[in-house]
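We give structure tokens for two forms of one protein chain below, kept apart as structure 1 and structure 2.
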Structure 1
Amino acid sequence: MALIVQKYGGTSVGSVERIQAVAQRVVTAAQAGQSLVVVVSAMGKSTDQLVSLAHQVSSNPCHREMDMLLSTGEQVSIALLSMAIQELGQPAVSLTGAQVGIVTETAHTRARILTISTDRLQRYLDDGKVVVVAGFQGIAQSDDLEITTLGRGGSDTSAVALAAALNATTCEIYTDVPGILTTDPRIVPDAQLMPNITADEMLELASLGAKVLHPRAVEIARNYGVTLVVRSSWTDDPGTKVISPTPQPRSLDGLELAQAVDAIEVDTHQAKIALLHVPDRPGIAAQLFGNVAAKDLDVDLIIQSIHDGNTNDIAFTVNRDCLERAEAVADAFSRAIPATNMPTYDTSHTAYVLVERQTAKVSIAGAGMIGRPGVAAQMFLALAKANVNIQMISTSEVKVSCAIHLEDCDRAITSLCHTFNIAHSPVPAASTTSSTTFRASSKTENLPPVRGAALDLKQARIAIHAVPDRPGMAARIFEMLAHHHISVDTIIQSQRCRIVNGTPTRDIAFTTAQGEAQSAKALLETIAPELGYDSITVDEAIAKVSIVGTGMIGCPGVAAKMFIALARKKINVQMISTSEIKLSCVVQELDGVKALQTIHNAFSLSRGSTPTLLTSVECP
């Protein structure tokens, strides 16, 4: 008999009528012969209401008490759903996370699942009962019976973890949209349903703001090969299937504590081009990368960081064989700027190009690093210990890449393999002949360059000015933040080296959750005297817009298309950060929604749209 785990989100159980409708759907499936474990969220917005109550009582509520409070929401919905199912004549029983035996770490409000006991579930299933389980909660691994929660949106993770533990045929996530769409339909009403998406793409989208799935749920599905489907609670349409490659067999012990990093990737054939002092106004990145794309040059990492309020630095890497052509484009571009845009009297601000021929890119990759702020810091520390200076940092939730000098590469890899416990025996990666992965790569062929777009309005940008340019600084900074559980996202290190009091310095900027920005700033201030940087600024009025697609690997022009679309709408790009399958831009908060709509349109992601080509580059 097929065992299905179904999960219903807050809106789907938001009223008595909706609970009854869910009960009807469950009973229909049970009568069709399926064994069912049903995971539910709290009704409607009740978790938000509980959070609001807590903040009325305390400005900084203790995490343990938050878990006591928030876990009650799901206890209401499981009992009501179980009653509604029984009302329809189908035996059912509700269980809290603790009653099931969903054992987690002790970290309140963000616990990871360690193990799930299946005995009690199996007993009820064997008795022909539907088992209704509270999502989002567990019990800490100690004798104290402490209730934990998994983090907001965590019911998806409960459901997929249960499916993995029970070796279920399918995990179906029922929600208030028809499935996974090209972007959030609340912002772009004509977003298009995707019949399927790779787990890699969904992981990026989920961690860049597409809250339709909790990223950790995707991580578990990918690690254990769970068949995962996202569908509408209101229709019988098939929804979206999240496709995972066949996984290596792995133990169910330490379920969510899979190794944080499962691959170290190296590309020794890169070269870096940095344009310093380019004007900070809409259209500059569009024009530059448009010119690069027009020469059919594929760029890999791109980063842009802000400097003195008037000018930016943009750096990118290309395959070394293309360096001369890319450099010619960059040179021509920089020469064109002063004549038209820069104040002629101010020669110190003339744009210029720096080229670093011998560059290597080393990356750590793994879905296990989601929500573990210490992993990037560990990488920086490993590089610092090997005396490797980091030239560029580019991050996503599932990958951190650093551009370093080629001659440091062997030391870097040895140190990283040692730190992350990865076998030091490379196998070639699928994407390019010059890159090496210390594990087989799982690239999916023949996908369009961009599958989806996401907007995150809940981030803040922190800039640390004039950080002395020596190995170990990034390690120290991000290790300290990680130690205080502050997750950072896009990290960007400036290209420009400024001499301050005789010391070469660079700026480091990163984004973090808005709620954590002020504590991050306060923490950074405490180590300022030791590390010797200048000042720290916080900007909360930012938005991050991103595009994701496995097909963008080796596809020139994707970045240019995004920048051109934004430039045409006069949206200024403040920060750029890339990984192989995503490209994110930080823009001002006010432009966020417009930026998402613009890029969604530019990549013809809307229903019924025909592809538009934006390869000719207009000077904005």
Structure 2
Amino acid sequence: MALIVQKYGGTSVGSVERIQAVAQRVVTAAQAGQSLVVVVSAMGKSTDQLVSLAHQVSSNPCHREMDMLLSTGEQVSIALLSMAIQELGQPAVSLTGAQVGIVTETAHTRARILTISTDRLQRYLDDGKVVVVAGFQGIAQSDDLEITTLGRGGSDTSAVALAAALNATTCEIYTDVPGILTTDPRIVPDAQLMPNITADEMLELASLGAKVLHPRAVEIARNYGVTLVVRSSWTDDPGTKVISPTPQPRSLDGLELAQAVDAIEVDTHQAKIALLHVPDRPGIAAQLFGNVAAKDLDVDLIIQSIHDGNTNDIAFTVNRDCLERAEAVADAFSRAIPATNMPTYDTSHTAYVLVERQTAKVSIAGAGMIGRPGVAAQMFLALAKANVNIQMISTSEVKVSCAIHLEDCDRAITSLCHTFNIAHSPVPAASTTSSTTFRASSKTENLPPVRGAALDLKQARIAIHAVPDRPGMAARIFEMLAHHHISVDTIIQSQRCRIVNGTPTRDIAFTTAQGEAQSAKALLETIAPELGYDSITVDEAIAKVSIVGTGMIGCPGVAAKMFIALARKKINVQMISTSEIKLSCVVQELDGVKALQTIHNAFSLSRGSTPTLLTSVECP
């Protein structure tokens, strides 16, 4: 008998009629011979209503009491659903998170799951009962029997964690959309349903704001090899399957807490090329990477940062074996810029190329870093303690990568593994034969390069100018922000080195939530005298547009195609940041929606189109 975990969100159980419809679906599955655990969210907007009540009686509600209050929402829905199932003749029982044995850390309103004791749950399953479980909640690992809630995405997390603990055949997530779409259908109405997606791709998309699945749930599924299926509550359509790699043996103790970082990755065979003082206008990145793609050169990290409003720096890394060809492309491009593209610029700021042949890339990865502002700061501090200077920084929501000098690589890895408690068990990574990851990696399939696109309109960019170029500066900056619970998203360190009072300096820019931007600026101003940087500027009128796809690994031309599409729509790229399977650009806020629609179309992601492997790009 197959054991299935089903999860229904608040919309799916938002009324008595919808609860009865869910009950009918559950009973049909049970009559087909399935053994069922059903995880349920609070009805409709009831959680919002409870939050509103709390703020009506308290200006600053205690987190413990908020957990006590909010946990009641799920208790209403599980009791009603259990009654509705029983009414249809199927035995059922409802259990709170505490009763089912979901044990969490003691962190009210944002607890993570430590373990699940499934004995009681298994007894009910063995008796033929459907077990209806309250999602979003658990009980703290203490003698005080404290009720805890799991924070945003908690019901998804509960369901996948139960599936992992029970070794379930499948975890089905029922929602009000037909599955995972290539982008937000409210912005792109012809967004296409994906029949399947890899866990790594889903993790990036979820981290970028795809709200169908929470990154915490996807990470558990990936760690324990749980098969996820996202389906509509209103139809019998198959939905989208999220495919996880075959997992390494893993204890259920510390199930979700585990650690913020679960992999340290290193590539010792990279070289860095930086173009400084390139014009800040639409089409520059498109021309450069169009030329790079025309030479069939595969680019790894790409960063672009803005300086004086007129010029940018663009830096990228390639495999060292390809350096001569990549350098020739960059040299030719830089020589062409002054004559054709920079008539209004100061000729003393002519574009030029810097090459670093002995480069290594070190990265930390893990969905556990989401919502933990201090993880990037820990990485930078670990590198500073090992006296490793950072040449480039590039981030995604679940990965932070730094380019460093090759001779510093061993010290960097030793320090990072010690800091994040990662064991030395090298396994070849999927991206290159010269890469090592201190965690098992899944093999990249022959997939279209881009599977989905995302837009974030709620970020602001903060630029810190003339930061002294020495180990420990980035660590101190982001440690300060983390201490005050300010989460940072994209981080860029410029390649241009300016001498200020005899000291080499670089600019550091990052994005954060708009509501935290001014607080971040004020905090950074307090340590400016200590660290010696110049000024801090904030731009809240930005948007971040991203593409995600496992197939872009080892596929030259993906970045060029994205930049060319944006250039043709006269959309200027202000910042660029990449990981192996994600590429993000910061553009003006007014261009955000158009940018998403443009790249969605460029990669043939809409309904009726067939995404294909990238074979060539055409320069504008």
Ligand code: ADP
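Keep in mind it's a predicted model, so treat the numbers as computed, not measured. Residue positions are counted from 1 along structure 1's sequence. Whichever C-alpha set is largest while still superposing within 1.5 Å between the two forms counts as the rigid core.
Which number belongs to the form predicted in complex with adenosine-5'-diphosphate, 1 or 2?
Number 1 is right.
Is it true that Gly549 shifts between structure 1 and structure 2 by 2 Å or more at the Cα, once the core is aligned?
No, the C-alpha position differs by under 2 Å between structure 1 and structure 2.
Rigid core fitted, then: does Asn601 show a CA shift of 2 angstroms or greater between structure 1 and structure 2?
Stays below the 2 Å threshold, so no.
2 Å or more on the CA of Glu265 between structure 1 and structure 2, with the rigid core superposed, yes or no?
The answer is no; the displacement is under 2 Å.
Core-referenced Cα shift (Å), Thr47, between structure 1 and structure 2:
For Thr47, the C-alpha ends up 6.7 Å from its position in the other form.
After superposition on the rigid core, what is the displacement of the C-alpha atom of Glu65 between structure 1 and structure 2, in Å?
So the C-alpha of Glu65 has moved 8.7 Å between structure 1 and structure 2.
Shift in Å of the C-alpha at Arg216 between structure 1 and structure 2 after core superposition:
That residue's C-alpha sits 2.6 Å away in the other form.
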